[in-house]
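The structure tokens that follow cover one protein chain in two forms, given apart as structure 1 and structure 2.
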Structure 1
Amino acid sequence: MSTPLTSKRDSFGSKIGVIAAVSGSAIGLGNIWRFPYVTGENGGGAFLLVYLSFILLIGIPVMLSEFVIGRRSQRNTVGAFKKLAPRTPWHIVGFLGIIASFVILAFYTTVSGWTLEYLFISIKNGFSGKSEADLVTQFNTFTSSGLRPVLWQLLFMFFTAFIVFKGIKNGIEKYTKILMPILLLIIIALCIRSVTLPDAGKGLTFLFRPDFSKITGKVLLEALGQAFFSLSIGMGTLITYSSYINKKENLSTAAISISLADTLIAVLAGVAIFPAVFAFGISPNEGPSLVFITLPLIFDQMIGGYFFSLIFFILLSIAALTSTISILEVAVAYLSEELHISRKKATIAASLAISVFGIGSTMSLGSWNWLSINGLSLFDCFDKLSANILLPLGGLLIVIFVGWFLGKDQVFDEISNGGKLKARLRWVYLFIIKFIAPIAIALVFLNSIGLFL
């Protein structure tokens, strides 16, 4: 008689390992690159207040739902639905997660490669004496240059694959327990430097003093969308990671702790960036170029700017790495468990396949600009397909599954650890998952495809 699959599976070895790994999955470029510029474009403090409200009221319950699916099944994102809903089409939701992880890594490693390039430039003091026009030219020349960004991308993919190759306990858990404290220390150091700049108070006022007149329908939807994007909801990573969580862990506490850690890093990123932006008289709504063009300009004018540009791009690289390993794990877990491929072979196969599409994504911004669909580069297509369709659709189907199909007995049994925990707010949680979250995610989905606002 064969050994059950669950007994063969690796798992996290400690509670701190769970928090570090899953927080690392959520904390990525979405916190340090995307959150500041989205906040800047949507009014600062008003956006932050709405964002925090959505994290608390919707983000945490949806994250807990993915945890319930993952730990209840102790399977990969496809196997989870096959086990919990056998002989039904629900496993298609798991395949959406596999597709999402594949598509996201194809363009995410492109941007991750940029962080290594800019770390290299920082080491050489390559921002010194450059004007804003020079930095724009530098960025555009690099991203369209072909071979160089591809080499950085492949190097980043190698680092990602190396950690996943090592397994859960000896790979992902081991390295995220090292990387996450480093990330926190670096961002705190950047915050201290930023708030001591002249006129830094203006940046803090912009970030923390809400102007309620700026809260519009667009701001509400942008904040809700950022909450889902930041928490890695709907891409299969939370289901996959939670399948490795010990049955003794309190899932509710884990969801709250991870959401708070993710939110803390996002807010600290705002504290590190906005005081510096205002101190040097730059508009806070610079958009996606804020990190790769605006901040290098600020670092060059800042006392100690060489050191702080160096640690900032180390921070950005670490944040990207903790996310890419979680996304790759989604595909690896599927290949090893559903197709019965060894973990090492699954890691190599998934990494090579993703790298092929990743190269196309990177090159589509340069000499392979013929790789386009409806006028969008392959890079932009992957970005929009994941953010606008796959993630909100995956998140919507997950909450419908937990709220309406799985059944309250199974849900309550899992979040209470078989009745050992009281789970006092379980009825509030179930109400949110059945009624509030589906409507909220549907609005984000309709807005992202241009059918709402």
Structure 2
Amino acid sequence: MSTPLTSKRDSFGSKIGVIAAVSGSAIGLGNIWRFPYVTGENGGGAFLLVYLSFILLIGIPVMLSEFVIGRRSQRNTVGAFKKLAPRTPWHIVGFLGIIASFVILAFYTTVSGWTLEYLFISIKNGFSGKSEADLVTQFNTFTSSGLRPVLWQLLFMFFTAFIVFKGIKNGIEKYTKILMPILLLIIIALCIRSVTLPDAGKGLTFLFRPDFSKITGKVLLEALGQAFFSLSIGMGTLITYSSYINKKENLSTAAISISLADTLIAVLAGVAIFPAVFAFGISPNEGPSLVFITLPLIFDQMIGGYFFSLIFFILLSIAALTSTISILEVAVAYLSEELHISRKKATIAASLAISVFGIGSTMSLGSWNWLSINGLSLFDCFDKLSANILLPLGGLLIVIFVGWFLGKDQVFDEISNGGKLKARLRWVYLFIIKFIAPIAIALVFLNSIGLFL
């Protein structure tokens, strides 16, 4: 139904639908592309341990807090704060989210475009027999070639806009609930191939044996940023999505199961990537190209590798798509509900504006390499700015809002569905969002800019 959100709001149909839609947002390139590359750059095991602790201690509580804000207000990110905290500046948190949605989509669609190219190469069987060096050249030549990655990116943006345009309920949940489990199966197949490669043990040691001397302020910040990025939290995506959740859902169990599923996929992606990284002699801190070089090598060594690579890149593109629609929805819901622009116009306007930044991000890796700040390409800047600054900052403000402003009665009422659910861990949750999460996020920030420790 493409009913405008302003009259009768769309909502998700079923329980599994909600889990599917929110998992669809969470599971994406963040798990399969970003998690391995950031883990590789930050030393492996110790990073993983910090990452997992942040998911449990900060990620799940922030996710639940976004659910509370979204479902209680039934509004877009900006409107939600206006409704729950009228005549206060809290809605600025919502605007921060809108800015973050632009920044994230600008570089996320670059990488989504890469997945389309890699799908295209898979169809042509273009990885077979390639050495590591060939694949590095192939990746660099393609990503810096300008027009081609931009065209894939715009095509991806177009798909995203098309689905958002049709309204939230129609597509998202239907597809994710079938496709994400298949993606999981393929990743498991990749893991099996990877851990049976010669010297696979080194990769597993890298990923699972923490070397605590590697933990620095930067590692903590990167782990926090990755946790936020992967769970889609800190910018109102889940406020927007949960505004479509019906009042009977159990928000706490949803937050826990979605976070666990998301984390499982990321860790499995790590198990698929790192043994192969070591087996093929790739450097774990290769950066954003890591998985695009490693995965083709694994497929090449697999029985049925052609089909696996085909299905994998199809599913990865779809996983990316279910994430990009959730990000675009933030801006579109805001424009249509708050500024009363039609859903159609809002989608077109937001997509065009994002594409301008997106083209800058993609081109900054090629001939527009003057688009850089301090030696970091615009692409890298958008990546770091969103994950390491905007999302944790948004998350900090969100837990402070729910813990200190909304307060105990409203929070308990919302997570217990007006007293119908027991919500046994409610005190633990409240304690975390009032004290632990804000202090932890603040310390990680201060520490990373060298003000502490």
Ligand code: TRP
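Rigid core (definition): largest C-alpha set, two forms, superposition within 1.5 Å. Residue positions are counted from 1 along structure 1's sequence. Owing to the predicted nature of the structure, the values given are computational and were not obtained by experimental measurement.
Source of structure 2: the form predicted together with tryptophan.
With the core held fixed between structures 1 and 2, residue 209 has its Cα displaced by at least 2 Å.
Comparing the forms between structures 1 and 2 on their rigid core, the Cα displacement of residue 113 stays under 2 Å. When the rigid core is held fixed, the Cα atom of residue 222 travels 2 angstroms or more between structures 1 and 2. Taking the core as reference, the C-alpha deviation of residue 58 between structures 1 and 2 is 3.6 Å. Here residue 198 exhibits a Cα shift of 8.0 Å between structures 1 and 2, evaluated on the superposed rigid core.
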